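One chain follows as structure tokens, the form predicted on its own.
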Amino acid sequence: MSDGGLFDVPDAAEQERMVEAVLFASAKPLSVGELQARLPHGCDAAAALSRLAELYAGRGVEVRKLGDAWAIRTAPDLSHLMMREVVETRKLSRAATETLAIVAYHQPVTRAEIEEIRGVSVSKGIVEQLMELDWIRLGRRRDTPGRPVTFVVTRTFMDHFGLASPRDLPGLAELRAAGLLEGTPPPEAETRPATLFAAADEE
């Protein structure tokens, strides 16, 4: 019980205010651990996040989970109001787009596996470009001969598409709207970018 001492744990409402302030000021999504490290000893960042998510549900901005991190984001149904301010077209080559898509849907995936799916070699420049854009990053080494590195999509990729997990990956229409599929044919009825994954789906 609190006795007014110097190291009292803030009450639940104050913890929510602290987490809300940190999320609002942060330029990037923050994990529970990162939030916990910023709060006074004894606080429960996970519980505060859960309460904030409920509090913001249905409002113009929401407290949303993006992969393993949390952020304050515009409600999805209002995102069209921000298009002029937030859209940043990233024109990638077809090879880079295919590589990105394969990493997204098959992560963690090695360079050799990407090449097997695409049917052609993957240049070092393509991988470097995607890493410089912070779309992909190195994952864990595969426990196979040579211990090749794997690639996975980044938190930035997840945040850009508003994904809570890889299971929520965008379809062809969303990828085109983000400027990643310039010059590709109109989307068909499929929800996944079938034109990019024809080879992968044959596995």
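Keep in mind that what you see is a predicted model, and the values were worked out from it rather than measured. Position 1 is the first residue in the sequence shown; the rest follow in order.
Beyond what is shown, the protein has a form predicted together with a further copy of the same chain; the following relates to that form.
Contact check for Arg111, Arg141 and Gly146: none of the three has a heavy atom within 4.5 Å of a further copy of the same chain in the model of the complex. The closest heavy atom approach of Ala47 to a further copy of the same chain in the model of the complex falls outside 4.5 Å.
Contact annotation: Arg59 falls within 4.5 Å of a further copy of the same chain in the model of the complex, judged by heavy atom distances.
Contact annotation: Val9 falls outside 4.5 Å of a further copy of the same chain in the model of the complex, judged by heavy atom distances. a further copy of the same chain is not shown here, and in the model of the complex it never comes within 4.5 Å of any heavy atom of Lys124. Along 65 to 81, a non-hydrogen atom within 4.5 Å of a further copy of the same chain in the model of the complex is carried by Ile72, Arg73, Thr74, Ala75, Asp77, Leu78, His80, Leu81, in order along the sequence.
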